[in-house]
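Read the single chain below, which is given as structure tokens and is the form predicted on its own.
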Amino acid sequence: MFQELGHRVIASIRELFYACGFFLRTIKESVPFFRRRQIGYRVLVMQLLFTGVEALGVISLIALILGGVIIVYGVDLLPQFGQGELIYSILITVIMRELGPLLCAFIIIARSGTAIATELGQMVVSHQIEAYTSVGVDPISYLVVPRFLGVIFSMILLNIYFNLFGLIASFFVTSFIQPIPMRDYMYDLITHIRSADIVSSMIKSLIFGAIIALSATYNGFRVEQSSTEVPQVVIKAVVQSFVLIIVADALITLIYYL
């Protein structure tokens, strides 16, 4: 039993070092990406279109519903306690700082994280990775870095769009319940936004995007020889992304309140 436990511990440590090496290599190759003309640009553009542009519809719907729900409950409950002005702080905290980055990340995991892990896993099985390596093409530079950058940029842009759409859409929901001039609504909203809220939201977007991209590409390359391994690594990538993002969110929120 102790021997088996020892083997598992050693395997876990070895995998951790391998994952750290993969992460550092991706960061190293990402720095000079835009300084050199290469075919990886096409992969980056395709990733931005799939992860960012094609997710706008579902992001808009969720932002609208979330903003509407907050307004409906806030306008009904807060005035009963003489705290009607808190609705703006609640909107900013929930949409911009907490649920906005998290919901965008969950949507990207479901759409792009699974797609990236599946695509890379299938490329390993069909020996395309070996073919790239044999002709001198670095799989990290050509396959991982464009997806890594594409997911991060998409995550940041989707989060900004989610925040703007959710906060503006909540005004139109408010108009049905308790009509107020748009100028007053926007003025009160902007005066309640602090620079720390924006910085916190952007940092979460950056870190969440990096976690999703690295988890998906890392697990995609973990496929060895059989196509039956692909669904397993996809599930592993999704679970790892969810867990790491929730942990990162808790740490960033904790630092915010320190």
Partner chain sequence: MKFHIRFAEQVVGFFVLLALLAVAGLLILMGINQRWFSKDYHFTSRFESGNNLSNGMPIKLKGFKIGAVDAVTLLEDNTVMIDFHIFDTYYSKVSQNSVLELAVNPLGIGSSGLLFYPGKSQGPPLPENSMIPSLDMEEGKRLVAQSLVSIPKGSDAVSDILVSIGPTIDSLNTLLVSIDDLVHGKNTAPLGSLIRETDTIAANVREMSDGAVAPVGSILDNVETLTESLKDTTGIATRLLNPQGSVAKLLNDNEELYKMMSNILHSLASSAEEIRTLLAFANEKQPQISTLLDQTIDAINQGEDVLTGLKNNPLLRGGIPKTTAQPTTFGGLRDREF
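Positions refer to the first chain, counted from 1. Only a predicted model underlies this, so the values are computations on that prediction, with no experimental measurement involved.
Just so you know, the form predicted in complex with its partner chain exists too; it's not on screen, but the next bit is about it.
J.: Work out which of Leu206, Leu48, Val69, Ile27 lies within 4.5 Å of its partner chain in the model of the complex, going by heavy atoms.
T.: Going through each option in turn, the one that passes is Leu48.
J.: So its partner chain isn't shown here. In the model of the complex, which residue out of Val173, Leu102, Leu77, Ile160 has a non-hydrogen atom within 4.5 Å of it?
T.: By the 4.5 Å criterion, the partner-contacting residue is Ile160.
J.: Within 4.5 angstroms, counting heavy atoms, which one of the listed stretches 50-58, 221-229, 27-35, 207-215 is next to its partner chain in the model of the complex?
T.: That would be stretch 50-58.
J.: Within 4.5 Å, heavy atoms only: does Tyr187 come near its partner chain in the model of the complex?
T.: Close contact exists here: in the model of the complex, Tyr187 approaches its partner chain to within 4.5 Å, heavy atoms only.
J.: At the 4.5 Å heavy atom threshold, is Leu164 in contact with its partner chain in the model of the complex?
T.: Taking the distances in the model of the complex, the answer for Leu164 is yes, it comes within 4.5 Å of its partner chain.
J.: Taking the shortest heavy atom distance, is Leu64 within 4.5 Å of its partner chain in the model of the complex?
T.: So Leu64 does not count as contacting its partner chain.
J.: Sequence order please: the residues of 173-196 with a heavy atom within 4.5 Å of its partner chain in the model of the complex.
T.: The stretch 173-196, when checked against its partner chain in the model of the complex, contributes Tyr187, Ile190, Thr191, Ile193, Arg194, Ser195 at the 4.5 Å heavy-atom cut-off.
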